[in-house]
Each structure stands twice: as structure tokens, then as C-alpha cells.
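One chain comes next, on its own, written out as C-alpha cells in the form predicted on its own.
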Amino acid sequence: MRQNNMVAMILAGGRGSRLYDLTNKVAKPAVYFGGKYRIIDFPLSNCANSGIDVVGVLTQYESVLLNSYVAKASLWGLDAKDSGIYVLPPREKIEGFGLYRGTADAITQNIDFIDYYDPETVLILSGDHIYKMDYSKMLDCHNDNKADATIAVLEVPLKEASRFGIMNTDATDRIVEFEEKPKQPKSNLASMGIYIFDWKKLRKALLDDVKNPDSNHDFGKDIIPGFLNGGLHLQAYRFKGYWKDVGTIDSLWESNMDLLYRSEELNLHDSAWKIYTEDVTVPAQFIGPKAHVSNAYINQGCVVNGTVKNSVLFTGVVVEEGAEVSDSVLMPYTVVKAGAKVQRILTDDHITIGVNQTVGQPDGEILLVAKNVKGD
């Protein structure tokens, strides 16, 4: 039975341009993370674990792989009767292409899908964040406060608050003001891009928004300010836990490295809150007799005969004898040939670092390696 008759809608259509070559061929939510997962696994697993069994995934750019992946609803246990994951590409063409004009427009184009289930509330999520969250607790907050909309917020350092949409609240955590990336923030409550709306009120706001020629058709710029200006009740839900926007090479590298340094916060092996994914059939990892491994997260199918320290190795990575890997994130089936030295890099999948090559610098910026590096 659906959680309080609630439908989830995952916004998974962003271009992911700040991930550069990683999103040339796949959508950002389909990018690999944490040894064997994809980013989209996190919001989908959160939905499954929270008792939400009807999920729409709104896709757009480079979505072929993502569409086929999320269509396997059984991966997340969402294939039972009256449940499912539904891929929802854009229906309207803009300049000849199927596009969503903004986050709110993505929901507007799928009003009929939501109406079919006639929900009391709609949960709207970004599909490109790494976190574990029980949405049923957020729903309890929404219902207990008789809110028209509830927005998940995270406390961030005040000096970083200008990077986020900031919620200013009263003593009861009712939102009284929303500021999009303010130069001088009044609080440090940052929006996580996770919303629960009363569906009837949101539906009306979306239909009004369509008629506004000056609208950006965006939740942060238009819908949320419209709710506030209309005197509706917006409630903040304070989330305490690990959360990371992995929209840049640096943040994607950092979040993978958090598996080594903040594993208690980002525990991917917690049986009480499982992160579901598609497991591939590969042999167990093999650590050779001459290998040296320290502080590493090494996934199944890896073969390590060289040195690996402070690094995350995804499925099927090979580190040959004499090779050295440090402070790096190597995505599936990367091969580091004999004598090669890599440090502070993040690779695309199926990359080969050639014999005796040195890639990356110990104190430099994180280097994305998206093409094979020829060896000696």
C-alpha cells in the first residue's frame, strides 16, 4: 500500500555538464558511484525503504542507458502489483527537441501520470544526490504540521550558505522566507531539493505557472516563492545525516573517498537501510601475494597485484604488478598497467593507464581521466 497515498517523482533530467566527459554518453544519475552503484540507486532505494512504491523518473539528456536501467523495477523491489518505476521523458518539443523547461515544468508535463494515482501528496526529489533518508519521517512532519508543502533542509556552514537556496524559518520551523543563493544569508538552512507537496495545491500552482510568460517554471524560483506569497504553510524538515551533491568532479571524488574516511556516515552495507543496485556476475576480488593495500575500498572482480592506498576501486579494476594507485577513484574495468603511477585521479569506466605512465599530481587538483593513456 502506498505511503499515505503518496507518489514520488525523481527529477533525473539534468545535463550534468560539470562532470564533463562522464556525462557525454550517460545521464548524470546513471554515473557510477561507490564501487558498484549508480547515483540513481540512492533516491530509488530511499523510496523503496520508505514504503513508497509508485515512482516516476523524469529523464531527458543522454537517457537511453538510464531509461533501461530504472525500468528494471525488481532491482529495488518495486515490481509488485500496484507498484512500479515509470520512465517519463519530456512530451513537449522546444526548438525541435523534447525538453523540460525547468524543474516545475517537468512535473507539469506529467500531471496526468500523477492524477491517475490520485495522491494526497507528491514527493519530488533530485536524482543526483548521495544520501540515505526515510521519507516517511518527512511525511510525518508534513502531516503533523498540517503543511501545504514541506522542504527538507540541511544545516551547512554559514560561509557556504550563499551556494544554496536558503530557508529562513520561525521558532516552529515554519518557513517565512526563501532566498536563492543569497549574498548575505540570514540562516544556514539549505534546501536539499526534496519536497513534499499537497497535490491539489501544487497542481493548481503548476497550471497557473504555465500561464505566466515570465516564469522560469522552476520550483526554487517560482513555485516555492508563489506558495509563500500566497500565504500557504511551508514547513522545514531538518535532515541530519550524510548528504552530498555530486555535481562536479571534485565532489564526486570526495563523496567516493568518504567511503574511506566517513564510513560510519555513509555505510553502504547497512542491512537496515539497503542501497539496492544491479549486481553483475564477476569473481571475488583477488589481492596478489606481492600486492600492498592500505585504506582501500576494493569491489568484487578487482585484481590487485600492485600498490593501492587511500583509493576506491570499482568492479573489475586491475592494478598490475609494480603499479601504484593512491588517493584515486577508479571506475569499472579500469586497468593500471605495470609500472604506472596514478594519484588524485578519477577515471571514466574502461580506461587503461599505460605501462610506466605517471598520471595526476600529489598536491594537484583532481584529474578526470576519460581517455586511455598510452604506455611506453
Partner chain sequence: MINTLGIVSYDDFVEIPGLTDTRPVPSISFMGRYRLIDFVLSNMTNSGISNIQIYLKNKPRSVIEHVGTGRHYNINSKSGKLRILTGEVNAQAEVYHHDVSAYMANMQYIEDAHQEYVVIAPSYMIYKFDFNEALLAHKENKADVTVLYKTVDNADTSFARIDTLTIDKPRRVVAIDKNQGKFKNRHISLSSYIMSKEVFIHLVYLAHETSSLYTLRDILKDQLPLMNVMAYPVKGYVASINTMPEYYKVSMELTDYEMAKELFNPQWPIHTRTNDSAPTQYATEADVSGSVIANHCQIAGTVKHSVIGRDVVIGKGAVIEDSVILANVEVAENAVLKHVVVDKFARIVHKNELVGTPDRIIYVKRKDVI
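All values reported here derive from a predicted model rather than from experimental measurement. Positions refer to the first chain, counted from 1.
Below, we turn to the form predicted together with the partner chain, even though it does not appear here.
Using a 4.5 angstroms limit between non-hydrogen atoms, Y297 touches the partner chain in the predicted bound form. Residue contact with the partner chain in the predicted bound form: N229 places no heavy atom within 4.5 Å of it. Residue contact with the partner chain in the predicted bound form: T169 places no heavy atom within 4.5 Å of it. Taking the partner from the other structure, the partner chain in the predicted bound form has no heavy atom within 4.5 Å of any heavy atom of K240. Using a 4.5 Å heavy atom cutoff, S74, L260 and V280 all lie near the partner chain in the predicted bound form.
For the options H292, K200, K181, K186, the residue carrying a heavy atom within 4.5 angstroms of the partner chain in the predicted bound form is H292. When the partner chain is considered in the predicted bound form, only one residue from R174, K244, K274, K221 comes within 4.5 Å through any heavy atom, namely K274.
Contact with the partner chain, judged by heavy atoms within 4.5 Å in the predicted bound form, is confined among 208 to 216, 282 to 290, 100 to 108, 146 to 154 to 282 to 290. Heavy atoms closer than or equal to 4.5 Å to the partner chain in the predicted bound form belong, across 301 to 324, to one residue only: V303.
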